[in-house]
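One chain comes next, on its own, written out as structure tokens in the form predicted on its own.
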């Protein structure tokens, strides 16, 4: 199974995206998502939450604009099951839903929404006590989330566990904790998928792209199967394609060689 890249760029918390959405600048959004797809995104994450009071209409417009431009599915990114219900009715391909957690309010709202839906699910290892403090705690939460989702009919291979990457700048153990968590999840829940918001690891530090790139290679080595990243970051995508090749997931090195010829790996 090749690494699953979830393109993070269509988020109205980014000023350029927020301005384009407010102006209904379809050309900007279309160009961006086409570039993400060409770079290797398997999903386009769509988050319309930053323009308060406009999330519903913005999500509707974004889905119509994006799905007419690319052939890859979307990742519906919102904590609001009412918005997700509306958005789910508008998707043309089976989406990812981002996300459920063990926080009581979100858990009790999201589980009924997800029951019976044909979709993948991102599940965050968060509960009402906050962020996990050890790899064992991450794995325990992953087991609970997987059990609940499988209990409502979500197949294991459609569950994407997010161990919640935390900044290494405030605690030097957080990188190793995440690596051990991914290994533990794969051992305890064979066949499940894992993903993360990778860039959290480098928050507050200089040269963040270099840190993120190195950490991605380590996480893939530990068994991470996907990440929410910027597909237009050439160095990051070079790492994805190179590590996939080295793990034997790129027959005859075809994807790697194609990327080199296209100038994506230099």
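Positions refer to the first chain, counted from 1. As the structure is a computational prediction, the values presented were derived from the model and not from experiment.
What comes next is about the form predicted in complex with (6S)-5,6,7,8-tetrahydrofolate (THG), which does not appear here.
Proximity of residue 40 to (6S)-5,6,7,8-tetrahydrofolate (THG) in the predicted bound form: non-hydrogen atoms within 4.5 Å are absent; the residue sits far from the partner. In the predicted bound form, residue 228 approaches (6S)-5,6,7,8-tetrahydrofolate (THG) with a heavy atom inside 4.5 Å. Though the partner is left out of this view, residue 242 does not reach within 4.5 Å of (6S)-5,6,7,8-tetrahydrofolate (THG) in the predicted bound form, counting heavy atoms only. The closest heavy atom approach of residue 182 to (6S)-5,6,7,8-tetrahydrofolate (THG) in the predicted bound form falls outside 4.5 Å. From the list 122-130, 87-95, 144-152, 184-192, the contact stretch for (6S)-5,6,7,8-tetrahydrofolate (THG) in the predicted bound form under a 4.5 Å heavy atom rule is 122-130. Interface residue among 51, 235, 208, 35, judged by heavy atoms within 4.5 Å of (6S)-5,6,7,8-tetrahydrofolate (THG) in the predicted bound form: 208. Residues of 1-39 placing a heavy atom within 4.5 Å of (6S)-5,6,7,8-tetrahydrofolate (THG) in the predicted bound form, in sequence order: 8, 11, 14.
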